[in-house]
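Next up is one chain by itself, shown in structure tokens, the form predicted alone.
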């Protein structure tokens, strides 16, 4: 597609996109010639815009209106036309550093504050996905008796992530035996990822020796229940920022947006996809499959909390978001969070 465009066509397409990002209004040829130094007549600009429309890069929302970019145009724009500033303004960098350090050492607090600052800095929605439990490295497990048939299981990863599970048991287990079970498991599972822990537990539960050791059987059963769930936590902030955008001002669209982000499983699937490559990833409009919502884009980057332990953070906004401003915000924040968490 890029090879089919002349420099003149690229300049006009860039001008249309930048005007539409700024105004959310369809852009006409006369507007372009007045607001940009194209040195072209309105008729020439109009002809080029017609060609861009035939190529699927622009569309006319009304018969007599100007044109607006398509998802295809935004993709071409971010891949080939946009020049992203590598460095954020010093004020933005200082604010992001200050906010991240204020959050303290608790991983959950850091990630929640990160989603807030992504929202406030970008003026869109900030989203952060905590590292998947399966990728974490096992540190220790504890069992605390809460009642005759209830146990609190505490799973701690080497990166400081803590997962709590409330378990219901059929028969009462004394606290001393729970301590022995935890010691047995901690010795057996040290250094394994949670995914490897699952495999080890399955193998141990199928082994001959477990059938003749009641404590081992109970310990393995409790530990299997403790790590069964792997629903990574998502921190989402700034939904109201999306509602401030003119393209989402009608009530029906507002309800659609709120329903979309209530179903975090689909957002989780999208964030998982963005972990498949390092660096900044951009999902534009229908590419994201974000509950099939039109007019939304997502800019993400991975961050690290320790060796081989990844999470994802990013910004969700309208497809006409200011990509040149959002991309460096996401990139810088991911790198800063990685440095802060890896040194803890």
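Residue numbers count along the first chain shown, from 1. Everything numeric in this text was worked out from a predicted model, so none of it was measured.
FYI, the form predicted together with the DNA isn't displayed, but the following is about it.
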Checklist outcome for this item: With a 4.5 Å heavy atom cut-off to the DNA in the model of the complex, the contacting stretch among 314-322, 296-304, 39-47, 274-282 is 39-47
Item to check | Partner proximity in the model of the complex: residue 35 to the DNA, non-hydrogen atom cutoff 4.5 Å | outcome: no
Next on the checklist: Taking the DNA as it sits in the model of the complex, is residue 8 in contact with it (heavy atom to heavy atom, 4.5 Å or less)?
Outcome noted: yes
Checklist entry - Does the 4.5 Å heavy atom contact test between residue 29 and the DNA in the model of the complex come out positive? => result yes
